[in-house]
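Presented below, as structure tokens, is a lone chain in the form predicted on its own.
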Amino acid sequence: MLEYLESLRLVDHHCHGVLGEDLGRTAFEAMLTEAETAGPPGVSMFDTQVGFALRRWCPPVLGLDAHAEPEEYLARRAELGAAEVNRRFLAAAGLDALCVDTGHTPRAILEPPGLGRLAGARAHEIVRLESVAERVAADGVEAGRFAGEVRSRLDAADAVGAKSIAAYRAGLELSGARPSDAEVAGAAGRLMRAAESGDDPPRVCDEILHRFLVWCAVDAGLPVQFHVGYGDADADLRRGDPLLLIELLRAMDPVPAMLLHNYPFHRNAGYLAQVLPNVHVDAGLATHNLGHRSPALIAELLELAPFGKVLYSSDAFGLAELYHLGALLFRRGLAGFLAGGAEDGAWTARDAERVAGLVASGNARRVYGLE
């Protein structure tokens, strides 16, 4: 089963750009965690599930033995240079297509065309809804014209899907009702006044605006990705359970809702994928962060979620290693799950191969309308 999955090229339906610069140890370790920093003195991100997974699976791609020590690994990485490292790991991921979230760029990273060239894959854009709204506000569009301008820019985007980061800003308890024009104009006015009164750029954090943006994507016919659960320190996990979204998910039907990452709420997400016809799920960044434990995560996600509604994503950002790790751990976890079921007589080997093809790429191609 693993050999078969390794022969399949994946569609990574949610990922980000990678850094084109060489990194020292501190900067490298900081990219291995969702925390703001790599940790206090004496604590290394190499001594984590993702750190050990990296040392096990990434050194051979750079011509080193598995389990190379961090110093040896980073020295080899610097010797090859960022461009060659990025090329090797993106190629090793075995991708057929990437759907790239272009809304998170705290520093210079490779854009979708560059990622696609390195991966030998087609690259598509996922437009981040809050970024569109924040650019409109930053451009000084008056509150009464805000809604129309956001819709116009979203319609003009060459994207296969949209993404909401409401989980980071207002939480996922979003009403299913469309906000009125007056509500949107009022919220837009508050957004612009807040930006004018301070030195920081506009930041969408109003439930009304998050909901309005989702409806803009729905009206444009774009599948809507939702960050769910595990994320960086900005995320309030108490408000990140996908069950909080159920009203909006129902109201969005039949436009696809894509629940990303989901850990530690992945079983809740699997339930939603079963009971709501438009909901799809993945394990995202939790796969590489759980490292050796990722097979348990994948098996738990698949307890309730229909196999035709589960997708692959890496959520790789910054380090090209995360593209490779996400793909490798996903293949191994899914292969173990499907092979175990075939051995137990739960399904046939032929069924297992068919399901592998759906999860690896077929479901993403169908939902996003990829060629």
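This structure is a prediction, so every number in the text was calculated from the model and none was measured. Quick note: we count residues from 1 along the sequence shown, nothing fancier.
One more form of this protein, predicted in complex with a further copy of the same chain, exists but is not displayed; see below.
**Student:** With a cut-off of 4.5 Å between heavy atoms, is residue 145 one of the residues that contacts a further copy of the same chain in the predicted bound form?
**Tutor:** Taking the distances in the predicted bound form, the answer for residue 145 is no, it never comes within 4.5 Å of a further copy of the same chain.
**Student:** Within 4.5 Å, heavy atoms only: does residue 358 come near a further copy of the same chain in the predicted bound form?
**Tutor:** Judged by the heavy-atom cut-off of 4.5 Å, residue 358 is in contact with a further copy of the same chain in the predicted bound form.
**Student:** Spell out, yes or no, whether the shortest heavy atom distance between residue 22 and a further copy of the same chain in the predicted bound form is within 4.5 Å.
**Tutor:** Result no; residue 22 lies far from a further copy of the same chain in the predicted bound form.
**Student:** Evaluate residue 163 for contact with a further copy of the same chain in the predicted bound form, applying a 4.5 angstroms cut-off between non-hydrogen atoms, and reply yes or no.
**Tutor:** No, no contact at 4.5 Å.
**Student:** Quick one: which of 223-231, 111-119, 87-95, 184-192 gets within 4.5 Å of a further copy of the same chain in the predicted bound form, going by heavy atoms?
**Tutor:** Going through the listed ranges, the match is 223-231.
**Student:** Select from 260-275 the residues with a non-hydrogen atom within 4.5 Å of a further copy of the same chain in the predicted bound form and write them out in sequence order.
**Tutor:** Sequence-ordered list: 263, 264, 265, 266, 267, 268, 271, 274, 275.
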